[in-house]
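There is one chain below, alone, in structure tokens, taken in the form predicted on its own.
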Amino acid sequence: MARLVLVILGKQGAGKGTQCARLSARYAIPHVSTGDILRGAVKAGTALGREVAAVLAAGELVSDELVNRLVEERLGRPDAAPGVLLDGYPRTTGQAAALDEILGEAGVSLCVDLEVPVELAVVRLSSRRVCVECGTIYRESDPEAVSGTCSKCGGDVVRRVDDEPEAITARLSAYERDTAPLLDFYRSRGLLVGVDGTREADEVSAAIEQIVAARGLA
């Protein structure tokens, strides 16, 4: 079976993290997000990690060129040989083109766009709470959110600054602006599929798995 490379797109609050965790277990391939790559490189103290640390320490944004190199390094690890779920990368058509070069002839298997209306995304994000240590996401009604303590690692569970209403609106606007060309990029290659992200998580997972199976990807 060919390497399974799934790019997962969707507005903030669309459920990308939830679906990537499920699909990672289903297909036994790693869930790789841009944030994970950056944190992992810095923690590992690799040459690229030191470059990232220096950029972040200076309060600057990590360049596309550096992110592309980090992704290439991550995809070269043994656990990514069978495939990978990419969350938060690519973010631009330039990064998408770089990803094609990294992957070579096989390329991206499928790009899944989790579709949710802005109104629902705002509701989901404003009720989200996150562990500052391990990144586990909770709903505001979950015991961990109420107590402020993560059940997985004991870290503090908080409402992130970028999940405040004003920040949410700005982030969603930026996503719509920046991602539209990326959707066109994968649509023109016949790789883009839209999945209704408003349904229950189990139904969304089943829909993605059906599409993967129908295309003979796994």
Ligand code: AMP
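Since the structure is predicted, the reported quantities are computational estimates derived from the model, not experimental observations. Heads up: residue numbers just count along the shown sequence, starting at 1. Take the two forms, superpose them, and find the largest set of C-alpha atoms that agree within 1.5 Å; that set is the rigid core.
The same protein has a further form, the form predicted in complex with this ligand, not shown here; the description that follows concerns it.
Colleague: Which of V158, L56, A28, A180 has a heavy atom within 4.5 Å of this ligand in the predicted bound form?
Modeller: Contact check passes for L56.
Colleague: If you check R39, K152, R189, R50 against this ligand in the predicted bound form, which one has a heavy atom within 4.5 Å?
Modeller: Partner contact (heavy atom, 4.5 Å) among the options: R39.
Colleague: Based on heavy atom distances of 4.5 Å or less, which listed stretch (91-99, 140-148, 109-117, 76-84) is in contact with this ligand in the predicted bound form?
Modeller: Result for this chain: 91-99.
Colleague: Could you confirm whether A44 comes within 4.5 Å of this ligand in the predicted bound form, counting heavy atoms only?
Modeller: Answer no; every heavy atom of A44 is more than 4.5 Å from this ligand in the predicted bound form.
Colleague: Taking 4.5 angstroms as the cut-off for heavy atoms, does I168 touch this ligand in the predicted bound form?
Modeller: Taking the distances in the predicted bound form, the answer for I168 is no, it never comes within 4.5 Å of this ligand.
Colleague: With heavy atoms only and a cut-off of 4.5 Å, decide whether V193 touches this ligand in the predicted bound form.
Modeller: Flag for V193 set to no.
Colleague: Within 4.5 Å, heavy atoms only: does E164 come near this ligand in the predicted bound form?
Modeller: Answer no; every heavy atom of E164 is more than 4.5 Å from this ligand in the predicted bound form.
Colleague: When this ligand is placed as it is in the predicted bound form, are Q12, T34 and E60 each within 4.5 Å of it, taking any non-hydrogen atom of the residue?
Modeller: Answer is yes for this spot.
Colleague: Kindly check if the Cα atom of G40 is displaced 2 angstroms or more between the shown form and the other one relative to the superposed rigid core.
Modeller: Where the cores coincide, G40 still shows a C-alpha shift between the shown form and the other one that is 2 Å or more.
Colleague: Once everything's superposed on the core, is I29 shifted 2 Å or more at the Cα between the shown form and the other one?
Modeller: For I29, whose C-alpha is compared between the shown form and the other one after core superposition, the shift is less than 2 Å.
Colleague: Superpose the two forms on their rigid core, then report whether the C-alpha of E60 is displaced by 2 angstroms or more between the shown form and the other one.
Modeller: Yes: E60 shifts by at least 2 Å between the shown form and the other one.
Colleague: So the Cα-Cα distance between E51 and G104 shifts by 3 Å or more in the predicted bound form; is it shorter or longer than what we see here?
Modeller: Here the pair is closer than in the predicted bound form; there, farther apart.
Colleague: Comparing against this form, do L172 and V62 have their CA atoms pulled together or pushed apart in the predicted bound form? The difference is 3 Å or more.
Modeller: Closer in the predicted bound form, by 3 Å or more.
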